[in-house]
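Coming up is one lone chain in structure tokens, specifically the form predicted on its own.
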């Protein structure tokens, strides 16, 4: 025997709920993807900016013009930094891991705001 809730079977109720939630959840997903995409673009602009991130001064980055070669190329970042928080900490203050680093302390010396730093981290992590 199939149990009913106000005239609908339990399975019918679940199908109805799924149908009602699906369009809304996919719309939210699309909005989130668009926002994330724009954050990645903003992060790329900041990373490539000679006045802000200036990552290209030292690092080779795909699509970068006139990259430096005194620091490791920024590629396969998820493999190199499985924990994104470690990458953020490195960009925030590289002197914690290497006191003799030549890398600017982007967060510690407020070269980038917290929001800008998050966008740069998202971009770098996507490489």
Ligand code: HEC
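Predicted model, so just to flag it, every value in this text is computed and none were measured. Positions refer to the first chain, counted from 1.
One more form of this protein should be noted, the form predicted together with ligand HEC, which is absent from this view; the next part is about it.
Engineer: Spell out, yes or no, whether the shortest heavy atom distance between residue 65 and ligand HEC in the model of the complex is within 4.5 Å.
Structural biologist: No, residue 65 stays farther than 4.5 Å from ligand HEC in the model of the complex.
Engineer: Is there a heavy atom of residue 45 lying 4.5 Å or less from a heavy atom of ligand HEC in the model of the complex?
Structural biologist: Residue-level check for residue 45: no, no contact with ligand HEC.
Engineer: Does the 4.5 Å heavy atom contact test between residue 80 and ligand HEC in the model of the complex come out positive?
Structural biologist: Yes, residue 80 is a contact residue.
Engineer: Is residue 40 near ligand HEC? Define near as a heavy atom within 4.5 Å, in the model of the complex.
Structural biologist: Residue 40 lies outside the contact set for ligand HEC.
Engineer: Going through 48 to 66, which residues have a heavy atom within 4.5 Å of ligand HEC in the model of the complex? Please give them in sequence order.
Structural biologist: Residues within 4.5 Å: 53, 54, 55, 57, 58, 59.
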